[in-house]
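The form predicted alone is given below as one chain in structure tokens.
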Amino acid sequence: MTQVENDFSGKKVNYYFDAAFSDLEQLTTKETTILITDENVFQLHQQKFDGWKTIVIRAGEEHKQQSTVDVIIGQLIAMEADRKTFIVGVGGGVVTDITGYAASVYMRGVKFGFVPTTILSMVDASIGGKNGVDVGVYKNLVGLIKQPEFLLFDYSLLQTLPYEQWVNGFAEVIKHACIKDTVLFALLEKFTLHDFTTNATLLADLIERNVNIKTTVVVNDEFEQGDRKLLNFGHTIGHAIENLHQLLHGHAISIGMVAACNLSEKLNGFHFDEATRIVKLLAKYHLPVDVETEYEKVFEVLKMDKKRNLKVMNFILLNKIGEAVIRPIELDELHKHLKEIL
């Protein structure tokens, strides 16, 4: 197990790479800790939860709602959790988002940590302190930014990850390459998903590289006043279609990235050949690049995106692969382009 300490505003967060789930006992005690996981993770790894007080929630983005948080809080009360209780979210992005939110509001805030179990949660969702829930079709509309005490990365948990969840997670990996890292982009072009799923060293290096990309961005702009907005590449339209079409997050973000590439060509002089490379890379990792949708419905959801400022949307476009920019776009102009870019 390798420990790396990261300085966020107001606190330090320890990352434990190449760890084992059993290392959790070195970081917190079973007597004062409650784990939160979902039914899928619990069924696959039930033996790991032996001896731990555990809350099991229903799996899936559709349950990332306030009603699930209410259930968790009810169980915390039943377990007599107090301000000294430590909470650990063990799961994918839905679990970590909900855990961080529930822990942050229970008794006005108790300490928490994460054990991410999916590619998506390891490289993206568990990092950066964003916690919250959806409100109907509106993604992450309610929540707060609060950092966990630690992240514990046990790569062996990925051995039971369904193939579609590998694909799902690689959308965020490709996003990082598009906005910040041309070397990573070339690496992804060189290898295949099969290479990463079968080569433990290659996978560990990939995860740690992506963790470092996101962490560096967040440390420099924790509360999303500038560069952290770049992490939303593909997410503005992606979030709008995700719940409308009940898509996996990564699938929706992949489609959103293609739309953002199309808009980058129209408004930002992004070269067609580079846009083609991105579409080819997404398809290579078995991610969808389009969807049949009603763009007016997409626009109605998109208007409530958190990146909107009055009648302007802060949209993330590309100058070139590895270089993203924030582009304010009038909603009327975005509406005009939406049918053409989707």
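A quick note: this is a predicted structure, and the numbers were derived from the prediction, not measured. Position 1 is the first residue in the sequence shown; the rest follow in order.
In what follows, reference is made to the form predicted in complex with a further copy of the same chain, a form of this protein that is not presented.
* Asked: Only one of V167, A81, V217, L203 has a non-hydrogen atom within 4.5 angstroms of a further copy of the same chain in the predicted bound form; which is it?
  -> By the 4.5 Å criterion, the partner-contacting residue is A81.
* Could you tell me which one of A186, L267, L193, I73 places a heavy atom within 4.5 Å of a further copy of the same chain in the predicted bound form? => Result of the distance check: I73.
* Is a further copy of the same chain close enough to S104, V142 and N309 in the predicted bound form that each of the three has a heavy atom within 4.5 Å of it? -> Each of the three qualifies.
* To do: Mind telling me which stretch in 250-258, 134-142, 171-179, 158-166 gets its heavy atoms within 4.5 Å of a further copy of the same chain in the predicted bound form?
  => Heavy atoms within 4.5 Å of a further copy of the same chain in the predicted bound form occur in 134-142.
* Asked: Do A283 and a further copy of the same chain come within 4.5 Å of each other in the predicted bound form, heavy atoms counted?
  -> No, A283 stays farther than 4.5 Å from a further copy of the same chain in the predicted bound form.
* Looking at the partner-bound form in the predicted bound form, is D305 within 4.5 Å of a further copy of the same chain by any heavy atom? -> Result yes; D305 sits at the interface with a further copy of the same chain in the predicted bound form.
* **Contact of K130 with a further copy of the same chain in the predicted bound form (heavy atom, 4.5 Å)** => Output for K130 is yes: heavy atoms within 4.5 Å of a further copy of the same chain.
* Are any of the heavy atoms in T32 no more than 4.5 Å from a heavy atom of a further copy of the same chain in the predicted bound form? -> Contact check for T32: yes, within 4.5 Å of a further copy of the same chain in the predicted bound form.
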